[in-house]
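Next up: just one chain, as C-alpha cells, the form predicted on its own.
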Amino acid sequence: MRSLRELMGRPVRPAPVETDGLTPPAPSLRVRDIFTRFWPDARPFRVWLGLSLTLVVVAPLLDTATIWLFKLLIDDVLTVHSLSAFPPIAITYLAITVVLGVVEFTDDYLTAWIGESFLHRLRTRVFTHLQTLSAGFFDTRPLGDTLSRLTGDLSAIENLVLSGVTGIAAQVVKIGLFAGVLFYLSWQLTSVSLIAVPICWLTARFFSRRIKVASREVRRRGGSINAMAEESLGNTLLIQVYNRQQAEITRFTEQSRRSVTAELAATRLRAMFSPLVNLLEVAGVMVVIGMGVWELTSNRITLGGLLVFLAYLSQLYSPARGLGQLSTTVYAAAAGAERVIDLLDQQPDVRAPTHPVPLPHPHGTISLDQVGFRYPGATTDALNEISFTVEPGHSLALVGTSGAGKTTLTKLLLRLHDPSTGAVRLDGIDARDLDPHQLRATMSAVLQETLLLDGTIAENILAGRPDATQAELVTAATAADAHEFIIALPEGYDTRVGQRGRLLSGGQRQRIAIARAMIRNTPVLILDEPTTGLDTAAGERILTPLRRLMTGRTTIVISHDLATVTEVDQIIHLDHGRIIDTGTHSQLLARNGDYARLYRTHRRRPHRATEVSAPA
C-alpha cells in the first residue's frame, strides 16, 4: 500500500527499510546493558528506593510472624482444648495485621510515587533529546512510532529498572525468610520441597528469552499502528476528497490484525508458563504432604507444625513463582526499553560547535560560497555550486520550477541541514561556527506551509519573541493587517486557532505568521512562497504587510511564481540545483533566456497580478 506522502506527490526522502508498513526494529541489547544504561536516572530516588526496599523486608517478616501465630493457635489452643493462650495470640495477631496494613499502604504509595517520578524525569529527558534532533530525522521516521516510544515504551523501562529491582528484592527476601523457617521446622521436608525452586527458575529462563522476542514484535506492531493512524488522521481532508476512507480502513485493519497475531504469540508463551509452574508446585506439595504424614505418625512433627509447614511452603512457592514470572516481565520490558534507547542513540545532523563564534550585533550579510548539498541516501545532488551574496537591507529572489532546490536552500540558510560542500556565511562567519540557536535568532521566516501551534492567537504571535509586551503584540498584528480580523473574533487575541491553525482561514493564518515574523524583528528575513494557496484578494492583502516586513532587512524571497518577485534587487534562476542565470528582472528579460521564457509562460497563465517589491 502506497503511503499518503507518495499519493500527495511530495518528495520521498530515503527512509529505513520497512516491511508492509512495519516500523524498523531497534537493535537488540542484553538486559544487563539496558539496566546499566538507565540505572543512573534513578539516582535522585535512591534514598526513597532504599526506604521502599526496607518496607519490602518488613512485610515478609510480619507475614512470617502471622503464620507462626497460626501454629501456636493449633498447638497451644486447639490441640490441648485450652483458651488461656488465645487472648495474647489474638491481640498479637490484630496488632500485626494493623502494622502490616500501614506498611503495605506506605510501600504501595511510595512505590507509585517513585515510579511516576522516575517516568516523568525519563519522559522529559527523551522529549528534550527529540527536540535536539535534526529535521531530517523526522522526515524519515513515522511520527506515530516515535510517539509510541515516548509513551508506552517508556513505561517498560520503569518496570525493568525500578519495579524489577524492588520486585526481585521482595521475592528473594520472602524466599530466604520462609526457607529459613521451613528448615527450622523440618530440614528433611524442606530439602525435598526446595527441589521445585530451581526447576521453576530454569523454566522461567527458558520462556523469558522467547517472550522477549515475541514482545519485541508486539512493540513494533504497536508502533506501526500508531504511525499509520497518525498519518491517516492527520490527512483527513485528503482522504475524504479522494474517497480513500475504505482504503485507509483496510490499511489499519491489516496492521491491527498483525498486531493481534503478534500479541497472541506472546500470550501463548506466557499462558504456557503458568500451568507448568503450577504443575511443579502441586507435585512438590504432594510429595511434602506424603512425607509430612509419615513424620507426623512418627511423632517427629506436631499437627500444627505440619499445617504451618504447608502454609510456609505455599508462601515459599508464591515468591518462587513470582520470581520466575518477574523474569519474563523483565525480558518483555527490555523489548520496549530497546526502542527508547534507539531514540536516545540518534544524533542530530546539525550540532553546535564546542566553542561557537559570538555574534553580538549581526548586520545580516548572507553569502553562499560554492554550496552543494545531497540528502542522506540520495544518489544525486539537490544543490550544486551555489554562490551569491545579499548585503544588509537588500533583497534577493530564488526562482525556478518545482524541484529546482529553492526550499533546500531555505533549510541550509536556517541551518536545518549543513551543506555537503562549500559554506553558508552570516556576516562572513561560517554558519557551522555559530551556535544554531544564535544563528536562527537573527532570522525570521514566513514559510510556504503556515505553521501554527494549538494555542491562542496571542501565543502564536508571541512565539516570535515571548518577552514582547502587549503593545508590541498589537503593533505587530496591526502591521501584518491582522489586528482588525483578530478583534472581530469573539475572544480576540485569546481565540484558539486549533490544531495547525485549522480554525482560521489560509489568509488569516498567513497574516498571523507575518505578525510573528514582525514581532521577532530580526535583520534577516526569509519568505518561502508566502502567497501560495491564497486567492487574489487574500494575496493582495498579504503583500502590503510583506513589504513592511521587508523594509530595512536582508530579504530572501523564494518563489516559483515570477510575477511576485519582479522588483527585488537581484533574481537567481535555479534549475536542478544549479544557478542558470542571475540579474535584475529587467536584465533577465533583456537576455531573453530561460527566465524570460518562464516569465512569459507565467504571464500567459491566469494568475494573481501581485508583486513583492524591494524595500524602499
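Every value quoted in this text rests on a predicted model; they were computed, and no experiment measured them. Numbers for residues come from their place in the sequence shown, where the first is 1.
Absent from the display: the form predicted in complex with ligand ADP. The rest refers to it.
The single contact residue among Tyr93, Phe206, Trp294, Tyr375, judged by any heavy atom lying within 4.5 Å of ligand ADP in the predicted complex, is Tyr375. Shown without its partner, this chain lists Thr469, Gln131, Gln370, Ser402 as candidates; in the predicted complex, only Ser402 has a non-hydrogen atom within 4.5 angstroms of ligand ADP.
No residue in the set Glu391, Arg425 and Leu525 has a non-hydrogen atom no more than 4.5 Å from ligand ADP in the predicted complex. Heavy atoms within 4.5 Å of ligand ADP in the predicted complex map, among the stretches 408-416, 455-463, 438-446, 475-483, onto 408-416 alone. Among residues of the shown chain, Ala382 is one whose heavy atoms approach ligand ADP to within 4.5 Å in the predicted complex. Although the partner is absent here, Asp342 lies well away from ligand ADP in the predicted complex, with no heavy atom inside 4.5 Å. Among heavy atoms of Glu263, none comes within 4.5 Å of ligand ADP in the predicted complex. Using a 4.5 angstroms threshold between heavy atoms, Asp139 counts as touching ligand ADP in the predicted complex.
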